[in-house]
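A single chain comes next, written as structure tokens; it is the form predicted on its own.
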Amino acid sequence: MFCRLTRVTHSMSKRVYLETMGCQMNKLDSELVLGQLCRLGYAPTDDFRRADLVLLNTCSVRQHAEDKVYSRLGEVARIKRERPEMVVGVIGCMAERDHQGIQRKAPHVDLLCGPGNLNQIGDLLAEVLDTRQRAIALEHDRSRRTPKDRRTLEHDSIESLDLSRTAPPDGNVLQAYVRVQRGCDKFCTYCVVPYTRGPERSRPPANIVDEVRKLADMGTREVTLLGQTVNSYLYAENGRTVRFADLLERVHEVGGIERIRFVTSYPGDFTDDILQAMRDLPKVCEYLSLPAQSGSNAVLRRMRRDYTAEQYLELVDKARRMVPGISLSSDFIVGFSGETEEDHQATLALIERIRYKNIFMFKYSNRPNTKADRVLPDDVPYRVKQRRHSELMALQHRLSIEHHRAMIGRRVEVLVEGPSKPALKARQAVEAGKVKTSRRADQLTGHTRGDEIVVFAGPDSLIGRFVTVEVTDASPLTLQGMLAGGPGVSPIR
């Protein structure tokens, strides 16, 4: 890991440890925060015990994520007792949601910053170092009274953070996240995001395109457009409305970018023009993340998801008709309030019917201050949640391997991202003298347009290139293959 600094400062010797928990939004936020700190002269470290500044970028979607933060803070507290000059900060959604609890349970935390104030990290850090007092920046008093179409015209206090981005601290520019929207207005009964990230605000399309163009100039070849409900993107520009399909067209025109993805979509807002863009724009990948959360209409109503299982299935069928070869993933919550065995079976039936490439599944944990926490009992016993979670896992394991095995013999386009994890371990073993050679050392990995992971043998010179790989074997998580060859095949570009 390294920082690309434009100048050397007196702080060069200072080290920052930043641990990221949660979604792609948090990963992007961490990258942008590290960029700020690099410009202040901080160098990233992977060891919090050696750091001068420890930042935890947190998630509040599940209790397990918050428990992990307190566990890490306990470890950091022991180090800070030995090195009281260390600065400790909690940033992101948990800082916004539970700032009072953090101050009470972890008094050694010096800095608290919500996701809407991350552009103030430098000022907060300076305040802590100057005063040795806790510095806090939150937006928990935001108003939602402004109409949605007017919010997009308002000044976004964190917009400058995205626009000022440079090459990420680890130097990897091949793939990049680009935020197109912040916040959420859905208020699903189980979800804290509207409370931690505030109201839905779409960024100006010109700013997004400028950012993508800047990334392309750095060498980025694939961008993923991010939003809590990315397909609800809406911006009023010069008397006309720019929708998400329009934004895809504009990003598609940026030279140097060869793949475009987007996450996460809300089923109730998905429109045909987005599917048309996926079909007609060659750079837009045939991959769709479409969280269902449940296959039961009764549960969906209690979740306040604003669509039925039948409407969701109709959308999936339409997507498969309009976008040939589309690959689907989804999210599901098991054990939500009032979920019966019949409800659970409906979810299993939905998954079996759709046959996702992969799904993410979570055991429900009620989140403080959400509507579900206030009015719906968490009445499904943990052991029942555990069993239902295991049944979803078993079903998806079978479907994932069937999905992958159906690709054996096919040729797929892969963007080569780097050595596989086994290859990195094999190289480390060779360097340490534990073994002389390893057949895994030349194993590379990358993703297909449909987001399947592919591993194959090849030289490091292919990293950053698009290659054609013939799939030879499959597991539930990955495809194995070999570089394709033969008449008419151009395996590398």
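For every residue, the number given is its place in the sequence shown, counted from 1. Since we're looking at a predicted model, the values are computed, not measured.
Not on display, but discussed next: the form predicted in complex with a small molecule.
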| item | value |
| --- | --- |
| Check all three, Q293, D331 and Y364, heavy atom within 4.5 Å of the small molecule in the predicted bound form | yes |
| 4.5 angstroms heavy atom contact with the small molecule in the predicted bound form for R62 | yes |
| Partner contact for F270 in the predicted bound form: the small molecule, 4.5 angstroms, heavy atom | no |
| 4.5 Å heavy atom contact, C191 and the small molecule in the predicted bound form | yes |
| Option from 105-113, 396-404, 356-364, 212-220 whose residues, in the predicted bound form, bring a heavy atom within 4.5 Å of the small molecule | 356-364 |
